[in-house]
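A single chain, nothing else alongside it, follows as structure tokens in the form predicted alone.
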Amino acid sequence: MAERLDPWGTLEVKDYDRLRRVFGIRPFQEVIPKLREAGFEPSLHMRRGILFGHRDFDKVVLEGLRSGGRVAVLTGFMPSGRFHFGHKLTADQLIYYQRTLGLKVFVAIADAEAFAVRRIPRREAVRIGVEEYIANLIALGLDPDETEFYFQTNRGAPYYRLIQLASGRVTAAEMEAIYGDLAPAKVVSALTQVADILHPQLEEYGGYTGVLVPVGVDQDPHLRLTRDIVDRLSGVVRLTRPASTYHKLIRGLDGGKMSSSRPDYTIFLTDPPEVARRKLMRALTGGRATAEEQRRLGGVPEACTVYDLYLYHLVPDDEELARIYRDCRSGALLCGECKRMAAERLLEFLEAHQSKLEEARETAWSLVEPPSF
């Protein structure tokens, strides 16, 4: 594993514990008892270790709520492709924080980054942002009345002021140490994300006392940069360091990265159910070479991308998930039967979700102000 994370690249992590130690991320398991003490039941992803790390979750979120503070949760989506099950992992976390902890949600549509880094045409980025990301988030259950959606290129002057101020508190050498070699577009994108993360604390955007940012671990460079800049802006603008949580990245169906750019190995929430079923039936599993060998030796669910779908999305009941795991390990459950069972659950989810998505797409355009150019 490289000692530098690239938020614009591809990352396959074998050892999350080592990665957490290298970058000074605290284990999320230490937060769960404090969460329960505060009267909140942890989410599925927290219980199962999918959320494996945090920075200041207890201080910013739990202590903030206990003291009567107003805490926001912010995340961003780059509108460069279709909404898939990797994006759903972040959506589920937003919904949990909104419903369970009562946090205000901010969702940035990172159209500036999509244009500068991914070269996505402007009109296409706006369409994808609304019809793929905002619509899917609403169809999944995010409450639009408690959510503020915005495009990066359409935010107000105080937001852009943060970008300018942040640029004066970091050197090129420091950014290269965090990110590696950077083109100007990536420098601007990184500083824009600093403004995304911090601006809910400004009075113009609600004056929240703390901000939580749930991300995949590949995005940690943006959090480290932001936290350093907060310290350096002391005396210029009153800000507090953001909290962050880190989730494991769900694998694509071939064991590589789940990504919009790899459609054969990624299940999108807009895939026709039969297309999704065919993809799943070709998925890499942790099965043995033959059925006889699997009955004798058992399968390896940790190596199975179908089990990933159970773990992250398709089996909400922990006891049922444990039974699937045991049956795989013991050889009682063969891969063909397991895939058919997963396909049933997947199709049931997609059919229900897509029926909600049609209505959500009709209203999504009214939830955000698109940029004029």
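The first residue of the sequence shown is number 1, and the count goes up from there. A quick note: this is a predicted structure, and the numbers were derived from the prediction, not measured.
Beyond the structure shown, there is the form predicted together with ligand TRP, which is absent from this document and is the topic of what follows.
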property	result
Segment that reaches ligand TRP in the predicted bound form - one of 166-174, 241-249, 74-82, 123-131, heavy atoms within 4.5 Å	74-82
Sole residue of Q152, Q93, T266, N136 within 4.5 Å of ligand TRP in the predicted bound form, by heavy atom	Q152
Ligand TRP: the contacting residue among M258, I178, A276, V215 in the predicted bound form [heavy atom, 4.5 Å]	V215
Non-hydrogen atom contact L191 with ligand TRP in the predicted bound form at 4.5 angstroms	no
Exercise: T209 in contact with ligand TRP in the predicted bound form, heavy atom 4.5 Å	no
L253 within 4.5 Å of ligand TRP in the predicted bound form, heavy atoms	no
Partner contact for I229 in the predicted bound form: ligand TRP, 4.5 angstroms, heavy atom	no
Residues from 98-132 in contact with ligand TRP (non-hydrogen atom within 4.5 Å) in the predicted bound form	A108, A110, E113
